[in-house]
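Single chain ahead, written as structure tokens, the form predicted alone.
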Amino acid sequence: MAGPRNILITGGTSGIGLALVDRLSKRHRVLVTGRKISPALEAMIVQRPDLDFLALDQSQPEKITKTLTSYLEKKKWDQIHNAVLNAGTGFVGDPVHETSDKIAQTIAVNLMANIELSHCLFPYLQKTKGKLTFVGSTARKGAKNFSSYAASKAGLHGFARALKEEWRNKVAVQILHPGPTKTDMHEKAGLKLGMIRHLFASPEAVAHMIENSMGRNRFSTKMTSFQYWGGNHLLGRGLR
């Protein structure tokens, strides 16, 4: 489509989400959600009048849809062209020692909240025949010390695949799987990476690949530093 889009991005206060917000808010109207606003996003909002933030805590899936719909009504957004469900969490450790609270939080944020948000966003996306983009992870196929995280992302992939069939010819659905990325998520999860972190893709590189994938029709795409340096980011025009 030509002209500015209405775009929702969850988990857009840091890392890949913030880099994607930076790219898209230069040309489109963007609503960002997260548990709390970050200084980097706050500074960006000051410079861009079509960029806004809404506090949403995805660890409480049963509450977020009411908050979101109320805010969309206040914002006078009755339609959305693209929704990127990027927010996620995870904890590192031997699965034998994972507590039920941490397992529940991982599943709530990465899977349950995204299911709730998808149902909530359908009527907004249907009006534009828009696209719902889930951000998964290459870890969905299994990752040492990230068993619950891997399970939640595998579940998200299965949900996206089913939703793609349910919403055929109404709303496009895709899921994108970034590989290891230079964000603070690993530190938050309790993982010490050392020198290997230098081999990871930058958030800006992954955001570039995500935008290009949003402009294509592929259902599932893997995104790693190898794809980026191989020219993946040059194969699409992004969102216009």
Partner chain sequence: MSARPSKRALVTGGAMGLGKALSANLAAQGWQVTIIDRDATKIVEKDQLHSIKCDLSDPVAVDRLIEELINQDPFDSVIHNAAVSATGRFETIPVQKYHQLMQLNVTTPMIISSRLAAAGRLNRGAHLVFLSSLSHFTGYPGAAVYSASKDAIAVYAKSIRKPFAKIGVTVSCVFPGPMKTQQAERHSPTNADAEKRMQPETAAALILKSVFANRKTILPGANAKAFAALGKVMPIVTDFAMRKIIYEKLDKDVY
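Positions refer to the first chain, counted from 1. In this text the structure is predicted, and so the values were computed from the model without any measurement.
Only in words, not in the display: the form predicted together with its partner chain, which the text now covers.
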Contact label in the predicted bound form: residue 78 to its partner chain, heavy atom within 4.5 Å: no
Any non-hydrogen atom of residue 124 within 4.5 angstroms of its partner chain in the predicted bound form: no
Residue contact check: residue 129 to its partner chain in the predicted bound form, 4.5 Å heavy atom: no
Partner proximity in the predicted bound form: residue 92 to its partner chain, non-hydrogen atom cutoff 4.5 Å: no
Its partner chain in the predicted bound form: contacted by all of 43, 57 and 66, heavy atom 4.5 Å: no
Contacts with its partner chain in the predicted bound form, stretch 154 to 171 (heavy atom within 4.5 Å): 154, 155, 158, 159, 161, 162, 163, 164, 165, 166, 167, 168, 170
